[in-house]
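The chain below stands alone, shown as structure tokens; this is the form predicted alone.
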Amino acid sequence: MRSQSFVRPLLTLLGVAGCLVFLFGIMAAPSIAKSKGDRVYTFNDKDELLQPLDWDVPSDWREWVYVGTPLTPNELNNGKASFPEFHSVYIHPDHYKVWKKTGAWPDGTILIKEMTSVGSKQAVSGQGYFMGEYLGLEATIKDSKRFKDEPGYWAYFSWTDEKGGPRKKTTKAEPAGKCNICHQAFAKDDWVFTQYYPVLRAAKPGRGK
């Protein structure tokens, strides 16, 4: 009798534990499945790209792989630089891993570019260029299914409000001629300017550290 009184509660506890594991497994499965897919970003039914924090599996681009921040200031471009802001570039970790392994950008690759103004030009360390305020947010996506007619299958997006207001929640692809022509002509690796990012150069197989 003692053994039965001990075994039954134990079986009950094990049964409850098994149900909880099964339940939490069901709850977690959709997120895991989506995050491991070949498309991490989300478009709405109007073919507009949502911001990363609004994707089916929300993602904070500032937690991605940061590869660098180019700057072409006005002072070095006759006072009229085409892009006088800091351009901080982030790559989704899944796609960075493929780059490190193969030296190629996989289908579904996404890069985010966050633009920041030039703030103070003097600090305790001396004169220079220091970041100011956030100005905009852009993205580049390689997708052979969605952009099969675009050069290299790349498309370019901007959530930036040109009037200086809050970022747009959704955005459509820019015309190919607006962005792609420069990337196609001058980018080092598959429409990506890897020549300006030592992180990517060092990670590419065969390049050394």
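Remember, predicted model here, so these are calculated numbers, not experimental data. All residue numbers are counted from 1 along the displayed sequence.
If you look for the form predicted together with a small molecule, you will not find it shown, but the lines that follow are about it.
*Asks:* Please state whether every one of the three residues 55, 65 and 96 places a non-hydrogen atom within 4.5 angstroms of the small molecule in the model of the complex.
*Replies:* No, none of 55, 65 and 96 comes within 4.5 Å of the small molecule in the model of the complex.
*Asks:* Tell me, please, which stretch of 163-171, 137-145, 55-63, 42-50 lies within 4.5 angstroms of the small molecule in the model of the complex when heavy atoms are compared?
*Replies:* That would be stretch 137-145.
*Asks:* Even though the partner isn't displayed, in the model of the complex is residue 111 close enough to the small molecule, meaning a heavy atom within 4.5 Å?
*Replies:* It does: once the small molecule is placed as it appears in the model of the complex, residue 111 has a heavy atom within 4.5 Å of it.
*Asks:* Spell out, yes or no, whether the shortest heavy atom distance between residue 70 and the small molecule in the model of the complex is within 4.5 Å.
*Replies:* Answer yes; at least one heavy atom of residue 70 falls within 4.5 Å of the small molecule in the model of the complex.
*Asks:* Is residue 157 near the small molecule? Define near as a heavy atom within 4.5 Å, in the model of the complex.
*Replies:* Judged by the heavy-atom cut-off of 4.5 Å, residue 157 is in contact with the small molecule in the model of the complex.
*Asks:* Hey, in the model of the complex, is residue 89 touching the small molecule, heavy atoms inside 4.5 Å?
*Replies:* Judged by the heavy-atom cut-off of 4.5 Å, residue 89 is in contact with the small molecule in the model of the complex.
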